[in-house]
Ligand SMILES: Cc1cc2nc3c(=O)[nH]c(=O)nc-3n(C[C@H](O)[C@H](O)[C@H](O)COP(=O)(O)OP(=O)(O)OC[C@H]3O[C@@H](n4cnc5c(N)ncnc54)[C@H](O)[C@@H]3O)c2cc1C
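Have a look below at one chain only, the form predicted alone, in structure tokens format.
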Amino acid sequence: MKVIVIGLGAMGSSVSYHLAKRGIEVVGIDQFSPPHAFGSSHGDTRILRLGYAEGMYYVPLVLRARELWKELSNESGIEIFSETGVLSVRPNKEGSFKNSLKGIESFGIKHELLSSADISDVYGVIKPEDDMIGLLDKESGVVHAERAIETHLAKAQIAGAKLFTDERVLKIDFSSTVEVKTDKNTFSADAVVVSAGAWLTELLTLPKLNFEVERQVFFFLDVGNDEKFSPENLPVVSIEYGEPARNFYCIQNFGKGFKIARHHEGKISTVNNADREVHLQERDDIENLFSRFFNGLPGNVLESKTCLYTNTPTRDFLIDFHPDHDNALILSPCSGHGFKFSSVIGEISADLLEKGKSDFNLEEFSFEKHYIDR
């Protein structure tokens, strides 16, 4: 069997690795040189949380993803997953953590509920509002994004995958086989995996589906040498506040600064017209958030970048074969929360292509769930 993988970011690098290590012939293609800063897979770190309010059906997947990240770390000798815990903070209302706790308690995930005073006492740098509570997800942590992609791609090549970067796909033709024409080559295979994120609809015609590309901005703030912001002393922090609810997240200082970004609320755009500049008002906004909810230095911006979310209307993933082409597996959009799952989605994809099925329930990620006229 031969498979072409288009897009070698979080999903494509993992798929290439899992296919190649099973002895399947892999050709991977990316229009850039991953890891790169043009899509959804850059930014040094990503959150892996086990308490998944988005749906119980995600929990088995994220538990397996965590196992695979740890395996990849052990096999490579590179720290790809850091188990630091994830602390979610939000207003204390009836049912505040109901959906998260459902999965946590059902699967026996270690956790702790904290009052506002507890949060301040235990983590002196966090300033929760008086009416807030916290849920500490103790077995969660951080995936190191670029390391993950580099390691998956390197191990895929060792297993025999042939990777072509800085090569743009121009056309995909389907018949009994798949033919992919790029600006440099023409490749043929038995199947194709399209994991191109925001470029998906430029490569395939999907008339009954509605995706949106959302511009996001993330920042690394200067916290000096304050050890209280280190991964040894602080979990990942996610804060919900205001009415209507707004969300932002923070990742500890792993050496580049304290990462902070809003989750969603970004401008809807297209992949080719997204504003790649970070504006002064966005810097001011994030510095004000830091001052409002954290103690420490002023938190001036050291670095900032944009990235892209590709969202479905339900904010669920798309993992399914093309409705008209059963030799084309589509991975993504992932709606801004997919990176942590990429290790297991690579494994799932290899199962779907090799065996025709997965041990996981993928019903919520099907084309049928995302049809506009369903």
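Bear in mind that the values here come from a model prediction, so they are computed numbers and not experimental data. All residue numbers are counted from 1 along the displayed sequence.
There is another form of this protein, the form predicted in complex with the named molecule, and it is not shown here; the text below is about that form.
- In the predicted bound form, at least one heavy atom of residue 334 sits within 4.5 Å of a heavy atom of the named molecule.
- Although the partner is absent from this view, residue 58 stays clear of the named molecule in the predicted bound form, with no non-hydrogen atom inside 4.5 angstroms.
- Under a 4.5 angstroms non-hydrogen atom cutoff, the named molecule in the predicted bound form has residue 40 among its neighbouring residues.
- In the predicted bound form, at least one heavy atom of residue 216 sits within 4.5 Å of the named molecule.
- Of the residues given (30, 316, 347, 44), 30 alone sits with a heavy atom within 4.5 Å of the named molecule in the predicted bound form.
- The listed set 36, 64, 322, 70 contains one residue whose heavy atoms approach the named molecule in the predicted bound form to within 4.5 Å, identified as 36.
- The stretch from 93-101, 195-203, 78-86, 124-132 that comes within 4.5 Å of the named molecule in the predicted bound form, counting heavy atoms only, is 195-203.
- Applying a 4.5 Å heavy atom cutoff to the named molecule in the predicted bound form picks out 307, 308, 309 from 280-317, in order along the sequence.
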